[in-house]
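Encoded as structure tokens, the following chain is the form predicted alone, with no partner shown.
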């Protein structure tokens, strides 16, 4: 037994003894009295004041009616899976978020997460219809026919551009590869979104034969990579940005004029620069994605289900949906957001207009036929990794 195990066991025994002496709780109840230990990212929280991320998790705790212990999460899907499957993740965390599409399958198959009892989430009925069985996003929250995750944000990633400098709007990924923006274009330093969005462009423009942009064959991956390598060798890309702040600074400083990025990068960059940095709808399509919450096996064993479901109820409430949309630009995962803000005194006229416009723009992106769901575990992962290394080295 390790010192940590001994300390934890001694603590639980002492709490259990006290509870029993009071005629009350057993071990599971004592364990559940501990804060819900969450492993997630900073943008999974919002502040009670609209338009803020909150200085800490206290507003989320208040909304959920349960205590939380926040642990910052790695940005790597591979590292996260290793932590949960062969590492100590289940000992450390009760609830976790994913790093992109497919993690619920990987973790569910290894029994490191457990199925969700949707009946214990009051707001489950608010969930958008496209997650219902048989709908186009149904598989993104299910494994082996069972619900294993709760979606809390989503988006269709697109192109941010400096409309002030460009002098108009952009509606095609072509801009990223156009010689007029040579040296002023940037893409994400991640083979997932960069290969996928490039593949969407090449497929829909008829430049390459690609069946599934988010799950390509080795030959298709090679074609996409060679396309990017050729452009990189010609100086098309100022950089491949890495990290949220890097993405923001490149746009805000005007170092780049066009950049594939997450929508929050565009929003923060626009605020920082005081310029008209826009986020377009690409005619070829976008990488669509969601992020989800999962209950760990360890969390269930420690009696943390009630706390988990209380928190999930918040993530499927218009309270959260309106705030994450206004603060970060993420798409809400529930119905009733506009009705909620129109009936709330927390949102002024400008905020209401911003939310309505963002919802309209998101729907326009979601409606493009060329969209492809994010997939962090493509069938031929080795091809992706090998060719991405060649893109980086070029």
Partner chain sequence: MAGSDWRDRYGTEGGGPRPASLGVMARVFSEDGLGKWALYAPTVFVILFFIVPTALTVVWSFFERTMFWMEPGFTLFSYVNFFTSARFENFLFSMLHSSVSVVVSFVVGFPIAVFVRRHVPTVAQHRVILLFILPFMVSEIIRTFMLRPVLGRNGLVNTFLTDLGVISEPITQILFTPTGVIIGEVLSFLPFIVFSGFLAMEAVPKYIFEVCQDLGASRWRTFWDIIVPLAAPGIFAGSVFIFVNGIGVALIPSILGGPGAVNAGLIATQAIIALDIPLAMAVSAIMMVTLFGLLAIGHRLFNLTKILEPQA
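Numbering follows the first chain given and starts at 1. Model, not experiment: these values are computed from the prediction.
Another form, the form predicted together with the partner chain, is not on view; read the next lines as being about it.
J.: For the chain shown here without its partner, which stretch in 83 to 91, 204 to 212, 263 to 271, 120 to 128 has non-hydrogen atoms within 4.5 angstroms of the partner chain in the predicted complex?
T.: Single hit among the candidates: 83 to 91.
J.: Among 73, 302, 238, 142, which has at least one heavy atom within 4.5 Å of the partner chain in the predicted complex?
T.: Exactly one listed residue reaches within 4.5 Å, namely 238.
J.: Which of 163, 232, 297, 310 has a heavy atom within 4.5 Å of the partner chain in the predicted complex?
T.: Result of the distance check: 232.
J.: Does residue 183 reach the partner chain in the predicted complex, with heavy atoms at most 4.5 Å apart?
T.: Residue 183 belongs to the contact set for the partner chain.
J.: Spell out, yes or no, whether the shortest heavy atom distance between residue 249 and the partner chain in the predicted complex is within 4.5 Å.
T.: Looking in the predicted complex, residue contacts with the partner chain include residue 249, since a heavy atom lies within 4.5 Å.
J.: Any chance residue 191 has a heavy atom within 4.5 Å of the partner chain in the predicted complex?
T.: Residue 191: yes, in contact with the partner chain in the predicted complex.
J.: So in the predicted complex, does any heavy atom of residue 242 sit within 4.5 Å of the partner chain?
T.: Residue 242: contacts the partner chain in the predicted complex.
J.: Out of 358 to 394, which residues reach within 4.5 Å of the partner chain in the predicted complex, heavy atoms considered?
T.: Contacting residues: 377, 381, 382, 385, 386, 388, 389, 390, 392, 393.
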